[in-house]
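To begin, one chain is listed below as structure tokens, in the form predicted on its own.
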């Protein structure tokens, strides 16, 4: 019998396996695909390194600092802020805490006023100390931004598109508590790109787990008592089970209905360019909401040159419109950058219908798992982020460690 089985080799499952390995407990991890990392993966394509969707490593996350060896990594960093489209031109709007002189020089770039600046300072003061990402306050992020009475231009040009890119929700319906939590991370930390893509995160954790404890290319078709039925006909016995799959598969295995509209989708396009952009700072470019099919775009090779072959540049563009075509994206990029669509050579796109999961949709699956003494791991059990994926994997593993010490 495998006393402990982890189903799912995404970040949460890998984190749980890493914790159990450090504690000297025996386990096996089962992953249905032929690669580890779940949504956190990168691949090489025509000499470029493409992440599966636009992703950054937020260095201020507590669990990132605790679990990952980022001090040993070769990281490149976005500058803190964004290019905003104001009066037809992209202008840099910079983090006032990290670039105070430049921020004051460019305070009008996003249509901001001195009152907007003072409100940002007030928010920064509120985020000092420990911030809970989830609380009982029903106020949404959209309602919070309206209540603070930021200027219409600043809302349109920066605040709303910036958080729409974080939430993948142009209505900004996630709770206001998440607004404060994410604001703290971006004000205090850095948004980084690993040298070989975001997939380095999964590879780093997986490198600390013995290969013989990982099985890839097989998946669980049924949970029955203390047994798992695999697609190859094999039966796996267990004493403790961590279900670290995505919530849709967790619902299927626990025989409950997957909640309708419980997720946000996105589509990311990658293009090769020969030209450098005239906006040279390593910043994300935000698009005003509802006036463009794009949420944002970035010349990633301006941040991390290793992502593109020598002499080439890598552009990414992300949209909430799943039916958008690469031709339409190239035309939109050409329009706002005053270039030709032919300047953007399409490489590949990634449609990710379950990019992020909505809060409060998975109480039933959590209750069913608890009833059957199955531990769940995944960001959907907490809140959508790498922080939550790592933390949920740690919590699940530590429950098993604690129970093993009392046996």
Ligand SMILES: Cc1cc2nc3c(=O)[nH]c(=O)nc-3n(C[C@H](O)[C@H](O)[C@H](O)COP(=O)(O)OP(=O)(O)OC[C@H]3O[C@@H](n4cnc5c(N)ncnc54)[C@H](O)[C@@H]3O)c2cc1C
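Remember, it's a predicted structure, so these values are computed and weren't measured experimentally. Positions refer to the first chain, counted from 1.
From this point on, the text means the form predicted in complex with this ligand, which you will not see here.
- This chain is drawn without this ligand; in the model of the complex, the residue among 246, 204, 116, 170 with a heavy atom within 4.5 Å of it is 246.
- For the options 54, 362, 27, 344, the one in contact with this ligand in the model of the complex, meaning a heavy atom within 4.5 Å, is 54.
- Although the partner is absent here, residue 151 sits far enough away that none of its heavy atoms falls within 4.5 Å of this ligand in the model of the complex.
- Looking at residue 358, you'd find every heavy atom of it more than 4.5 angstroms from this ligand in the model of the complex.
- Taking non-hydrogen atoms only, residue 69 never approaches this ligand to within 4.5 angstroms in the model of the complex.
- With a 4.5 Å cutoff on heavy atoms, residue 61 counts as touching this ligand in the model of the complex.
- With the partner omitted here, the stretch from 306-314, 213-221, 86-94, 129-137 that lies within 4.5 Å of this ligand by heavy atoms in the model of the complex is 213-221.
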